[in-house]
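Single chain ahead, written as structure tokens, the form predicted on its own.
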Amino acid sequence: MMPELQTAPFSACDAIEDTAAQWFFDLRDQICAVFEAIEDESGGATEPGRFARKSWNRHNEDGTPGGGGEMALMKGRVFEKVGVNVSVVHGRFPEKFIPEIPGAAESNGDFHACGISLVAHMRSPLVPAVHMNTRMMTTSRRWFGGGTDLTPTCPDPADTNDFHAALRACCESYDPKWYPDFKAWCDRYFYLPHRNEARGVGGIFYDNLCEDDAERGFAFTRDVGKTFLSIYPRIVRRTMHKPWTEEQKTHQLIRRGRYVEFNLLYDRGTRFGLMTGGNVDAILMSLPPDVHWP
């Protein structure tokens, strides 16, 4: 259920913003329930993980209310650290940030944004880490963006193929060009140029989608969330009981360093949150709990 948040005064907000925001909170609840069920199935001497939720509010630079969100964080037997954040924020972009956002100059910097962001770092090095984010942005224009990508320590062709097949089916139900386009966009985006390597095995990434058809953009964004909820738990369940070695765990901790480097140096969501006065703990939730650099 969506908690009560500060009401947005931005005149561009209407029913679809409310509908999208409610969906992001509903998706969060579904994901948390499935992930907690996986914890229950894992067995072990320790207690299964449970999500702890914490609400937060933000303020604009002039002190006016600017919405907020809720952070859900779990540390468990299967999920070493997983965060699922939802936010509904509004206000005015800082002047130096306005030129970077489509339609922000025409809206005098006013914006409304809502979305969900998830990052899971797994205890087993055989279970791939994952990221999923979908969002809706309104300035003088309105669009959707997001995607999901898989970051394994020990890549498994079956995991990679099934993950991409699910995303391909989701995209092709809307437009046959979307999957190859969004896959290529993901490969370009989740890339570390200073290391000349990809962060993981990819997925899809899209932005500025369906400015002329909000209902279609929202429908696709909703289906991306449903697809993630369908495929990723299956990947986790078929791998989480397999034994792993200390050498594989060490390799996982080193690979996590790449995740840190990308999110702090290149991730647009991190920059957007920090530039708009978001909750720092929620913004940096994506960082892994333990990491090694050689």
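Residue indices: 1-based, along the sequence shown. Basically, rigid core = biggest C-alpha set you can superpose within 1.5 Å across the two forms. Please read these numbers as outputs of a predicted model, since none were measured by experiment.
Although it is not shown, the form predicted in complex with another copy of the chain is what the next lines describe.
- Among residues of the shown chain, residue 274 is one whose heavy atoms approach another copy of the chain to within 4.5 Å in the predicted bound form.
- Looking at residue 264, you'd find a heavy atom of it within 4.5 angstroms of another copy of the chain in the predicted bound form.
- Mapping the unseen interface onto this chain, residue 280 counts among the residues with a heavy atom inside 4.5 Å of another copy of the chain in the predicted bound form.
- When another copy of the chain is considered in the predicted bound form, residue 216 lies well away from it, no heavy atom lying within 4.5 Å.
- Candidate site formed by 28, 32 and 226: none of these residues places a non-hydrogen atom within 4.5 angstroms of another copy of the chain in the predicted bound form.
- Comparing 96-104, 154-162, 73-81, 125-133 against another copy of the chain in the predicted bound form, the single stretch with non-hydrogen atoms within 4.5 angstroms of it is 73-81.
- Contacts to another copy of the chain in the predicted bound form (heavy atom within 4.5 Å) from stretch 259-294: 260, 261, 264, 265, 266, 271, 274, 275, 280, 281, 284, 287, 288, 289, 290, 291, 292, 293, 294.
- Annotation for residue 286: C-alpha shift under 2 angstroms between this form and the one not shown, rigid core superposed.
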